[in-house]
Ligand SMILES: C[S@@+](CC[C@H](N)C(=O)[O-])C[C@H]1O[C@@H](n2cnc3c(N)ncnc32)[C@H](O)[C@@H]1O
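Just the one chain here, the form predicted alone, laid out as C-alpha cells.
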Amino acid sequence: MEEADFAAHLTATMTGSALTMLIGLGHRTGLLEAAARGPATSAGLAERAGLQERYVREWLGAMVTGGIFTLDAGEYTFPPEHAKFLLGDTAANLMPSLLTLSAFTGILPDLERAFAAGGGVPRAAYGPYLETLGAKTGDSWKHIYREHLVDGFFGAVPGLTERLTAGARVLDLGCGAGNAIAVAARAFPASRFTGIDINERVIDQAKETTSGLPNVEFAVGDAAELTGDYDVITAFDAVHDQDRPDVVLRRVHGALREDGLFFMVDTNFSSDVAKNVGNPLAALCYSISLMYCTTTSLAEGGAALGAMWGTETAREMLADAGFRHVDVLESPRPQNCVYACRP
C-alpha cells in the first residue's frame, strides 16, 4: 500500500472509531429513534429528543458527513434503509454489537497491563462498562436465533429439523440467556431441551426467557465436566471461549449417543492469518477476540484459543476428541459456519 493510500486508510479507521462512539451516543440519548420519525432541522430534532440544540447540531454534522444521515434544504434525514441497521428487533440491527465493542474500550488499561505482566482480564471486569453503555452481549444473537435458527442454522444440516420434529433429547452447551433454546423449544415441542452454562446469573435469565415452555430445563455447570446421553448437542459461538476446549470436546463426544450429532456454530475464518487477509470481517473479529475471548481465557489460565482459532484447528480438535465425520457448512452469517460432527 502506497504512503498516501495508507494515510487515507488510517484516517478512515479513525473516522470509523469516532462515528462508532457517536452512534452509540445517539442510541443512548434517543436521537436515533427521534430522527427515525422523519426529517427535521437540528432545532426540530433537539426539541423532539428533548436535548440541547448546539450539541445535536454538531452530532448531526458527524452523522451527515459520515454517511449515516442525509441533509437536504436544512433538514436532516435518517434514511429507513440505514435505520434498519441501528434500530429495531431484527438480526440486521448492529447496535448491540456496536455497544458491546464500545464497552470493551473500558478494559483497555487492564489489557495493556496483561500484555506486559501476563494473565488476562476476568469476565467480571466487563460488567460495569457493558451496563454503563446499555450493552447486552446476547442481544445480537437473540434476533439472529429468532430469524435464522430453524431454517438457516438447523436447516443447513440435512435431516436435523426432521429429527427435532420427531423428538430428540438436546443439550445446548454455553446456553447463556437461553435465547436459542426459547426459539428451538417452541419450534420443536416434541424435543426436550437442556441448557447448561457456568454462569449462575445467566441461567436465571434463561429461566425467565423460557418461562412457560414445558420442554425446557437448565443447569449451572462446567462444560468440561459434562456427562449425559443426548441425541443432539449444540454450541453457538461457545467452544472457542472455553478454558479447556479440548476437554469440553471430548466430553461432548462422550455425552452423545452412537447416532448423535454435535452441532457447533463458530467463526468462519482460517487458522492461518495470511489466509484471512482481504476478508472484510477479519480485522474486526481479531480485535474482538483480543479484547474479550483471548484475555478472559488467559485470566482463568485457559487455552486462549480466541475467536479466530479457525476451521483448520477446529477440525483437528474435533478429530482428536473422537469425531470421525465432520462437515463444515455455510450459515446465514458469513462470519460463522456450521460444524455437523458425528462420532
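The first residue of the sequence shown is number 1, and the count goes up from there. What you see is a predicted model; the values in this text were computed from it and never measured.
FYI, the form predicted in complex with the ligand isn't displayed, but the following is about it.
Partner-facing stretch of 266-274, 100-108, 195-203, 156-164, counted where any non-hydrogen atom is within 4.5 angstroms of the ligand in the predicted complex: Selected range: 195-203.
is_contact(Tyr76, the ligand) in the predicted complex, heavy atom dist at most 4.5 Å: Tyr76: no contact with the ligand in the predicted complex.
4.5 Å heavy atom contact, Gly221 to the ligand in the predicted complex: Close contact exists here: in the predicted complex, Gly221 approaches the ligand to within 4.5 Å, heavy atoms only.
Heavy atom of Gly120 within 4.5 Å of the ligand in the predicted complex: Although the ligand is absent here, Gly120 would stay clear of it in the predicted complex, with no heavy atoms inside 4.5 Å.
4.5 Å heavy atom contact, Pro96 and the ligand in the predicted complex: Residue-level check for Pro96: no, no contact with the ligand.
The ligand in the predicted complex: contacted by all of Tyr126, Leu130 and Thr294, heavy atom 4.5 Å: Negative, none of the three is within 4.5 Å.
Contact residue in the predicted complex, chosen from Leu86, Ala91, Ala114, Ala238 - any heavy atom within 4.5 Å of the ligand: Selected option: Ala238.
Partner contacts in the predicted complex for 80-98 (non-hydrogen atom within 4.5 angstroms of the ligand): Residues within 4.5 Å: none.
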